[in-house]
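As structure tokens, one chain now follows by itself in the form predicted alone.
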């Protein structure tokens, strides 16, 4: 697809050789008011070079610029050169590209680039999958899809929290407060109950903590009874996790959790020793990071047991050897910034230059009515409950507004879950979120259902036109009837998609895609309101249907990148 901004910058560069083309591209503005042009080049910074007032420079440049086929008019306003595009050329360029690429508009050739590992979700075994886990799961899934759209081969890793002292606590709690029958009947909710009860009782009887540590030590030494219980707790947990992942339509390429690295850490610890990085600290083994103004990274406790950092370093080495990644992305909470900064630096000190390819993508926390979630205190809202309630709410709305809709249950599931995901994606991921039922289940305004409904509207128009997408041909388009402001507006919105995908990947920010989709839907609904489509003259109708098809492809693709289904009916 032609890059109009680049071509304009190259034309300006011929008369401003002291500015690099890329610098000119960054300087060119897109006016918010289309009456001020489609592109604007401010000349303030040229005053020093040309030794003239910026308005005089703007006028001279405008007078000397050669004709550009996609520029219809050039106006000078003070120190700005305002460029007005030839709308017919512009619309043809964008529309032809979208109709050619269809729902892969903006995508790169599949598997044309290297591997990227995306580590996300990572719930803890034997603890419920609550609303706090939603962020890592959906953000990671979106970043996976966004990078795949850019030609990378992504490997999604669910680094399960399936090892640690908490399993000793759970074994004690199970033996004291539960039974096989209760766990089989109630599943993970029973594990949560006894886990909370353990912490309540341990406050009164600290010996319970000692018992828990003993059981975990037994696990580490291979005690079969303890390991059998651990494996069972894991199976019970994974059953619930899989139900939630199925609802979210999320899969993983690897479920290698913490326990996978138990037999792989010793060589890594030895490598740290051999490279002179390990130091004793009251019996513990640490890597000092004073030169980076960070506290030391703890590798082993004084009893010899390993920690999260040990496993993360080992996992990174394993993944580099296994996948030879271009980049490894870790999607976890902002509170873990220091942890990742520490062990990334340890990798660097080990002499691995690919440490620069390790990326921590932090996100803000979720709170409920001003309080953080705490598994220990039982203060959790189960994600599955939220998703199911969103589905029920959607089904009620469908019954009210479109009771004869086919596949009501399926549509209600996809729209309800899409509402929850879009709400999470719409704002910058670094922001803390105050979970609100009213906001999440609001089906008006800048929401997922609004975007999904607009997609369904495009499909409805095409159905009523009795035309298949495959029947829409570029040769049938009369671009002269697609130059009104509303039509150009939707084409302009769509044209940004390739750039939005790149920016979302470069800044690890799916919200760019979500906000782009709102812009496209708003532009399309104005186009739909301002232009008759099905009742228009045949040539005009076919041309406008091409715009409808381009919008459909773009919304469908954008929703996919967020992990949201694009329904054809609502």
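Please read all numbers here as calculations on a predicted model, not as lab measurements. Numbering follows the first chain given and starts at 1.
What follows is about the form predicted in complex with a small molecule, which we do not show.
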Legend entry - Which of 308-316, 470-478, 445-453, 221-229 lines the interface with the small molecule in the predicted complex (heavy atom within 4.5 Å): 308-316
Inset, instruction - State yes or no: in the predicted complex, is some non-hydrogen atom of residue 340 no more than 4.5 angstroms from a non-hydrogen atom of the small molecule? - result: yes
Legend entry - Any non-hydrogen atom of residue 119 within 4.5 angstroms of the small molecule in the predicted complex: yes
Legend entry - residue 164, heavy atom within 4.5 angstroms of the small molecule in the predicted complex: no
Legend entry - Non-hydrogen atom contact residue 169 with the small molecule in the predicted complex at 4.5 angstroms: no
Legend entry - Contact assignment for the small molecule in the predicted complex, among 83, 422, 198, 330, heavy atom within 4.5 Å: 330
Legend entry - the small molecule: the contacting residue among 115, 93, 124, 487 in the predicted complex [heavy atom, 4.5 Å]: 124
Inset, instruction - Establish, in the predicted complex, whether 133, 159 and 336 all lie within 4.5 Å of the small molecule, using non-hydrogen atoms for the distance. - result: yes
